[in-house]
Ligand code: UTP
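Before any questions on how it binds or moves, here is one chain, the form predicted on its own, in structure tokens.
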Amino acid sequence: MYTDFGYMEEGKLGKPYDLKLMARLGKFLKPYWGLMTLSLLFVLIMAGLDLLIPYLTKEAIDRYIVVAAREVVLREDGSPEEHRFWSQYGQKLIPKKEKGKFLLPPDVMQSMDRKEMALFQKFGFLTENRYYLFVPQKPEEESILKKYPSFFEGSDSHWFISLHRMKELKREDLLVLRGKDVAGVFHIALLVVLILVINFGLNFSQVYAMELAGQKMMHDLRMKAFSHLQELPVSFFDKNPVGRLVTRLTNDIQNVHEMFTSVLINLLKDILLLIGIIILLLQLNRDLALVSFSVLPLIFVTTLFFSRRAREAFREIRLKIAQMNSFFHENFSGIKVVQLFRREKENSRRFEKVNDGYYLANMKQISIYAFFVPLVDILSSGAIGLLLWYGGGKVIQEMITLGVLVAFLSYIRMFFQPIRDLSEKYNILQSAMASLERIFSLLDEDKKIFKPPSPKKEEMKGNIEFHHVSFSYNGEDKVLKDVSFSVREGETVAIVGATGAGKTSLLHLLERFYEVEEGAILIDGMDIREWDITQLRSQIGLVMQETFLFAGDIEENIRLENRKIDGEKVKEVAQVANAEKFIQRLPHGYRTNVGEGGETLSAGEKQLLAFARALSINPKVLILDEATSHVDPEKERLIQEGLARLLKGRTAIVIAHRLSTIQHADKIVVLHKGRVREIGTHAELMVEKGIYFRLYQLQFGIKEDRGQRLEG
């Protein structure tokens, strides 16, 4: 069963996090450290504000919502413990009418050590009677004392009422009585709202600053990768499909951006929150904090188990996605062949297996997440339940306040939220690291195009010499073997030979798409590796067998953004190439859009445009690589009429299977199995009756020589 659909490197994964890769990414982030620092500052402030809200809730409960003075009973002939209590808190006690009874104000209770208070309660100093302290200052407050004279005890400075008697007050009177508490809660509520508004503004600014830095970084990284790709030799593109490279510049860079903006900063915020929560819980109550942290070992083991299993599942999913994408690319690129040979059912059967594999890989990952996320929820709920049981008991025993317990519950919920989000962040981080590894692997690709210290940038005359040139694409099987011949300035040389003889490879070497392995190619007596590559290619016009047109109009495809070529020059070269006739028949002439790849034009029309494009730079050397292979007889006649004008005063190298098109060449070089076998004019080679003679016979169907074979 055929299962290798290519692109298998997509399944590879490096480390879940790699500091070396992050350090390299830092070079692209360096210009935007200001934005990142600003974003980081906002994150620090937001983390602090998030931690402040539960603490304000505690203060609201303990200071204004649940406030009560405790009754204290002290005997005159008291024990040493009573004397110690009196020495510490006697000046703060409020006396009642009954002898030996006092009130301990709420603020004093909150400042007391809870263990000490439990000890005093054990000795019987603190009773269960609770009172609300009241200091009237407004007329409406004093009217309550007159309205309920039997409810209140005290003097002008301090009045108090039993908490169970407060329930008998009317609602409006109760609001007046607790006006300061209501105002205090209202002020804390306003402060919380203000914090939320500030948090919103900071969050907006932080996201904007981080996204701005991320987008700029992504822009720079993509430009770097694109520029690098354009400078790589053609041999690199022989081994790397275009779809894979497009993925590098789009999906992979987007993955890095998502990690940068969604994970790193949030991860930093989560870490700050976790540290802050731990410190605050330990400050509020150490025993209760340790009870809350009792589930952390289970969380750690669960997270470790999840990360390993999730990594394996993620690797398998990437592998299956790569197989699926490759199958899509292969199937729809060859859709004509698929439909012609009626392979729809067979391809559907193969795709079903690939699709099933992808489905099973996703289900494996879903199963892992379905185990991890609920387990974290159960553990967090268990921690809250344990906190309610233990902390509630402490509240009942008055070892802690209700506000402390509520703050603990809020902080514990905040503590477990980052752990719940771990699965999503782990996926993003894993994907981004794999993408970073591939992006930098691409940027590390050696350009392999030799650049001399002082490249030659002179005008080319057109004298070309192949001097004992040998070359192979894979480093083993040579397609050219000790090739030597020369082309003089202004001369037209044709290269002929059977398919696979190495004709096109010669031209690729001349354009430096590939580097010569042995020997040298000289232009005007200098090795082409000593020429500036831009200067070299700008003076060589190439018309290939397969013409590529960019999406745009006719004029843009001839001019190719060359600012030195105006509209008149475009029309001039089109006339010389005999392309103007069909251009004028188009709906919008030179402004007619050719579509992607020139899909609206015939093969012959695209070839004529290729001739015009090559002439637009006025090259010193013109190369025609089987340029009339896709041209019908009428278009070929038009090209032949223009060839005399095209080649006048230029050095030309022509590769052609149609021998009729090169009979008037100054020289014909016959290649066979990578070697030069014959050199001469058409007449000279016909007299020799060698390989060229036999090729001519085969092409023109001469009966008596049809059965002869080429020499080995």
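Don't overthink the numbering: it's just position in the shown sequence, from 1. All values reported here derive from a predicted model rather than from experimental measurement.
A second form of this protein, the form predicted together with this ligand, is not displayed here; the remarks below concern that form.
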Given 583-591, 497-505, 181-189, 349-357, the stretch touching this ligand in the predicted bound form at heavy atoms within 4.5 Å is 497-505
Checked I265, L429, V479, I253 for heavy atoms within 4.5 Å of this ligand in the predicted bound form; positive is V479
Note: exactly one of F416, Y514, F305, F151 sits with a heavy atom within 4.5 Å of this ligand in the predicted bound form, namely Y514
Next on the checklist: Just checking whether Q545 would be counted as a contact of this ligand in the predicted bound form - the rule being heavy atoms within 4.5 angstroms.
Outcome noted: yes
message = Would you classify H657 as touching this ligand in the predicted bound form, given a 4.5 Å non-hydrogen atom cut-off?
response = yes
Notebook entry, point to check: Even though this ligand is not shown here, does Y473 get within 4.5 Å of it in the predicted bound form, heavy atoms only?
Noted result: yes
